[in-house]
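First, one chain by itself in structure tokens, the form predicted alone.
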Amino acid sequence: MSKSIPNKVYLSEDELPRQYYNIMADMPNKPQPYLHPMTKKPAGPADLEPLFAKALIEQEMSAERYIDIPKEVRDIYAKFRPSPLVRAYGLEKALDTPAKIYYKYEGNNPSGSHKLNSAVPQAFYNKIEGIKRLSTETGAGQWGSALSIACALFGMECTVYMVRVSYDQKPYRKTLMQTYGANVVASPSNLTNAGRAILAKDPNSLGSLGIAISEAVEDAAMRDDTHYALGSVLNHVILHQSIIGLEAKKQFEKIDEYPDIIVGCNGGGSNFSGCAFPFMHETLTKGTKTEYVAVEPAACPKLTKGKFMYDYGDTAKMAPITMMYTLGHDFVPAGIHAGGLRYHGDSALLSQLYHDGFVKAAAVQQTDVFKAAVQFARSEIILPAPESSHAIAYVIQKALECKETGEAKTIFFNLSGHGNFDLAAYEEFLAGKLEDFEYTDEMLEQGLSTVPAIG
């Protein structure tokens, strides 16, 4: 080894970033505007005010490169950030690869994932605006856990609509949310018009993030004291998550390294974008040649098989219409254990950058994901979340390619959370009971058949 590189690279509390990075400022092609779901005309700030705090709407629309992090938010971040940058020496040895593998570990907080990075500022901005209650959806439960914690910190109520298949698969996620005071509802539910309509068609519906979003949006719209909070997809969420990549850049500087490849799992885009976008600033402004890869489930392949078009962000057509890669807002993915990645669409920012060729995408099957997760756990100790393990599966693939070519590439990925609440999924895998699901052209044709016709 040419130089000694520590197993972990830390930052001090004083080095915690004081501003978020907004990639909108550097994009050669900005995303198309959101459209109002009823009028199909461009949606302005006033259209979003029934759902979001004004400060969050400003962030959503902003093209400023850097946006200050409030002191109150930084003080809470300091309880669990900065997170470590870890050299995966154990995994490198197991793979016998010349590649250098690094990961940013986001599971060292009570929610167990990166989601708390956005839950804290969202709760803060709503609190100072006088909002007393937040409604939200959650897939695997990481976002619901994070928002439950953030609401408890600011003395707010929280209602979480949890996708039914994950509600059943991950009961202890529900318990964690309830411990922090949240009301957790299996979605689709009988509490909303959107949920009742889905159950009337399919009483045994597994649910989806699109359905749960519809229920949470309807909940917020019905009460003056309630706003809606989203854990991924939107620009302001990705803005908050940029703290991951901003920290990582400082950490790589400390060891005089820089990634050749940056990898993240992709559901709605928050953890991949939060990790990758601060590095992409260098690509967009200075032409650095880093490769960026978003990895998604083969059962829900919006980037690798979906279409770039306007579509509703939710099943009931209540959320804004977004120009994005989509499989169709009515699509209900198979009940894979990576519940946080079961979303039909994607971030407008990430979709545009993928469309413009700055980001690559890959899709992996569920059994390959868990094979990679077990190998990672046995070599790096941490039990990774199924979502994060999509990135791990791709990283292993690239590291083995380096073994074949002899290239010592530096690979960096975001380990967005731990899998301590996913033991039922690991149990199924170890017993040989996990299934792979094929996404077909017929499914895409059916999914896109209800996408709005917008010229």
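We call the rigid core whatever largest set of C-alpha positions still superposes within 1.5 Å between the two forms. Bear in mind that the values here come from a model prediction, so they are computed numbers and not experimental data. The numbering used is simple: start at 1 and walk along the sequence shown.
What follows is about the form predicted in complex with another copy of the chain, which we do not show.
Partner-proximal stretch of 417 to 425, 25 to 33, 50 to 58, 387 to 395 relative to another copy of the chain in the predicted complex, 4.5 angstroms, heavy atom: That would be stretch 417 to 425.
At 4.5 Å between heavy atoms, is K174 in contact with another copy of the chain in the predicted complex? K174 belongs to the contact set for another copy of the chain.
With the cut-off set at 4.5 Å between non-hydrogen atoms, does S379 touch another copy of the chain in the predicted complex? Yes, S379 lies within 4.5 Å of another copy of the chain in the predicted complex.
May I ask you to check whether K79 falls inside a 4.5 Å heavy atom distance of another copy of the chain in the predicted complex? Because a heavy atom of K79 falls inside 4.5 Å of another copy of the chain in the predicted complex, the answer is yes.
4.5 Å heavy atom contact, R87 to another copy of the chain in the predicted complex: Residue-level check for R87: yes, a contact with another copy of the chain.
Would another copy of the chain be touched by all three of A43, P45 and E129 in the predicted complex, meaning a heavy atom each within 4.5 Å? No, none of the three is in contact.
Since exactly one of V374, L199, L206, M309 fits, which has a heavy atom within 4.5 Å of another copy of the chain in the predicted complex? Of V374, L199, L206, M309, the residue with a heavy atom within 4.5 Å of another copy of the chain in the predicted complex is V374.
Contact set, 179 to 214 vs another copy of the chain in the predicted complex - heavy atom within 4.5 angstroms: Counting only heavy atoms within 4.5 Å of another copy of the chain in the predicted complex, the contacting residues of 179 to 214 are T179, Y180, G181.
When the two forms are laid on each other by their rigid core, does N183 show a Cα shift of 2 Å or more between this form and the one not shown? Where the cores coincide, N183 still shows a C-alpha shift between this form and the one not shown that is 2 Å or more.
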